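First comes one chain, alone, set out as structure tokens in the form predicted on its own.
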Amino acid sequence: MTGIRSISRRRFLGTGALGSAAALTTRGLEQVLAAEAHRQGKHVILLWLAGGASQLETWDPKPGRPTGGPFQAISTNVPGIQISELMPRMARHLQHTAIIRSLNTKDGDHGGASRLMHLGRRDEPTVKFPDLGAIIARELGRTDSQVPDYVSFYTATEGRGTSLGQSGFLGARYNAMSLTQEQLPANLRRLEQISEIDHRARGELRDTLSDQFMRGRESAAAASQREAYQRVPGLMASEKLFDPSGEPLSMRALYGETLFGQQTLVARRLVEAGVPFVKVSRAWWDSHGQNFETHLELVSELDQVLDALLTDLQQRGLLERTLVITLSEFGRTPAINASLGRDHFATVWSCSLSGCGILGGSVYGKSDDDGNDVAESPVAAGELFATIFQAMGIDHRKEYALGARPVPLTNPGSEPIKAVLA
């Protein structure tokens, strides 16, 4: 397995506007990036609800049932669809959202389930597959982009090790820019003791040495590493995108002053500038005890953040080209335990898709009356990923060549859910 190429040739999207972006002022760069992002491109924002959010306190309530808990269901602006009363804002905003209520992924372990819901399948002993973000970056990223292709926020400690993702056989070029300590990327600024002239000279020297090394060699790993380094000047110029302090106070208040809210605001800034994939993680939903107090806090926050994001994207003309996903590694048990908690449950649970390529105001699949089993249309991880790819205009049957082996984006037999696609 010495190399990787795309069998269906990736289209090249060129633009002269970004060629000199590193020389622009920060404000000028932001304007150019925003204009370019509006001109073309699709994006994904994944709101990762780490630890396992309860479907019964979000998208699939069971009021009045023994498993229902204390919260009621409320009607939405789409006739016939109800969601938890903890989501009153989204109840007014469901015309852009499809709910999938019949995920059956069979893995109730945090580590294994997190990897499954990042990769859409299982790694093999000799193959590390790329995660969703890496594939979106590969398919929708641009070779001349001045912004990252894949950004991941995970600043909590719980569950971080199982949720950082991987680029797998795609190589370093498609690794996430993972922000785990600070909201701003580390080591992005040029050191004050190094002049701009010296900085440029060092980069030119590195390029020369890299070119010499690559002569006569064919190495996908080395080529990926070199391409990653070549993008450094543009990435350095994009630092301002990660700072929401320049946004109007009204916009910051719309998302809420929580870290999750402000990071989601940054996610909007990033996709507006052309970043194909941004993941914002909110931990920790693992409510084995005091499930209802935990979800009162976390679902209320999610409701505000998700409503703000969809409203903001729509007002900027970005929602039709941005897919917003809420997803966990699994759901919570219908049965309420002795600690008034819900445990891990991967037999029937829910997620949501909003925006680009999605038939809003729709529900797919059904759980039984108490939420113990799938009653209609079970959905596996591969089918969810195929649906996401289809919504983004990516053929889920497309294959990469890993050496002599063809590797499709989803496992054979995984088909998109047509009922939730526009």
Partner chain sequence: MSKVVKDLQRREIFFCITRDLENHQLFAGASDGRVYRVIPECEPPVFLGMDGHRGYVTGVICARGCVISAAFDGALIWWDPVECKPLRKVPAHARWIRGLALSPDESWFASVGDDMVCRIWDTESGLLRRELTGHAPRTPQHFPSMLFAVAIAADGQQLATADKVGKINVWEVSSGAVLRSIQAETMYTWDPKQRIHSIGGVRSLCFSPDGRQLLAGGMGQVGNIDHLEGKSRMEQYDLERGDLIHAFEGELKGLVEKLVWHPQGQVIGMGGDHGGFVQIYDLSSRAIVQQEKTAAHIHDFVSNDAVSRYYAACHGRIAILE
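In this text the structure is predicted, and so the values were computed from the model without any measurement. Numbering follows the first chain given and starts at 1.
From this point on, the text means the form predicted together with the partner chain, which you will not see here.
Query raised in the report: So in the predicted complex, does Glu320 come within 4.5 Å of the partner chain, heavy atom to heavy atom?
Result: Although the partner chain is absent here, Glu320 would stay clear of it in the predicted complex, with no heavy atoms inside 4.5 Å.
Query raised in the report: Using heavy atoms and a 4.5 Å limit, would one call Phe71 a contact residue for the partner chain in the predicted complex?
Result: Judged by the heavy-atom cut-off of 4.5 Å, Phe71 is in contact with the partner chain in the predicted complex.
Query raised in the report: With a 4.5 Å heavy atom cut-off, would you call Ala253 a contact of the partner chain in the predicted complex?
Result: No, Ala253 sits far enough from the partner chain in the predicted complex that none of its heavy atoms falls within 4.5 Å.
Query raised in the report: Wondering, does His288 line up within 4.5 Å of the partner chain in the predicted complex on heavy atoms?
Result: Yes - in the predicted complex, heavy atoms of His288 and the partner chain come within 4.5 Å of each other.
Query raised in the report: Quick one: which of 306-314, 346-354, 323-331, 83-91 gets within 4.5 Å of the partner chain in the predicted complex, going by heavy atoms?
Result: This holds for exactly one stretch, 83-91.
Query raised in the report: Do all of Thr155, Glu158 and Glu293 end up near the partner chain in the predicted complex, with near meaning a heavy atom within 4.5 Å?
Result: Verified in the predicted complex; spot residues all in contact, yes.
Requested in this report: State the residue from Gln95, Ser339, Gln183, Ser75 whose non-hydrogen atoms include one within 4.5 Å of the partner chain in the predicted complex.
Outcome: Filtering the options by heavy-atom distance leaves Ser339.
Query raised in the report: So which bits of 241-269 sit within 4.5 Å of the partner chain in the predicted complex, heavy atoms only?
Result: Read in sequence order, the residues that approach the partner chain (within 4.5 Å, in the predicted complex) are Glu257, Thr258, Leu259.
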